[in-house]
Ligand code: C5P
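Quick heads-up: it's one chain on its own, the form predicted alone, in structure tokens.
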């Protein structure tokens, strides 16, 4: 029987409009390295991950330098980035079909999440190893949530007791995720993450609680926060 292997896909074709920077947010410098290099390093250093596919725009001029400086013997493959995130992931899955089994696990991780910890990655792999569907890292919502009306006023306070913030990686079987994304596209659904495609296909992904510092670089202030988290983690490891 085939023993499932683990692969990662990192969609990195976005331009990060909300950052207001001259270059895409995944290439902004963070502690002397591009944001995406931090995201990739955690994946590539994990002993269970066999290789990574990075989906980048055809006109991307920054990726070659990042790829050249990744210190790894594992394959790091370049796939074509798509118009939306799910197009990029699907392109990455198509590339993996050439070297991976339909039953292999795929972990999709945001290029702009540089603070993924090895401990969270360990927990995700361990808790989903025998899961029939797969799942994702997530954190319970802590803030009070408000729903607005069309005038920008509060229409309701939302019960947060069963609400979670979805993080990445999100981990599913290659074949199941491929078919779910393909079906979502054919139905014209704009899914914002991989779990949503699986949900649309009738599955219920499992939530695995992760760290709250696994933040996504979206706004300028996020860079300073990520730098703080990574620097503190480095001091902890050194100590």
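Residue numbers count along the first chain shown, from 1. Note that this is a predicted model, so its numbers are computed, not measured.
The following text describes the form predicted together with ligand C5P, which does not appear among the structures shown.
- Of the residues 104, 120, 127, 84, just one reaches ligand C5P in the model of the complex with a heavy atom at 4.5 Å or closer; this is 84.
- In the model of the complex, residue 226 stays away from ligand C5P, with no heavy atom inside 4.5 Å.
- Ligand C5P in the model of the complex is approached by residue 26, whose closest heavy atom lies within 4.5 angstroms of it.
- Contact annotation: residue 137 falls outside 4.5 Å of ligand C5P in the model of the complex, judged by heavy atom distances.
- Although the partner is absent here, residue 116 lies well away from ligand C5P in the model of the complex, with no heavy atom inside 4.5 Å.
- Heavy atoms within 4.5 Å of ligand C5P in the model of the complex are found in one stretch of 104-112, 129-137, 145-153, 70-78, which is 104-112.
- Along 209-232, a non-hydrogen atom within 4.5 Å of ligand C5P in the model of the complex is carried only by 216.
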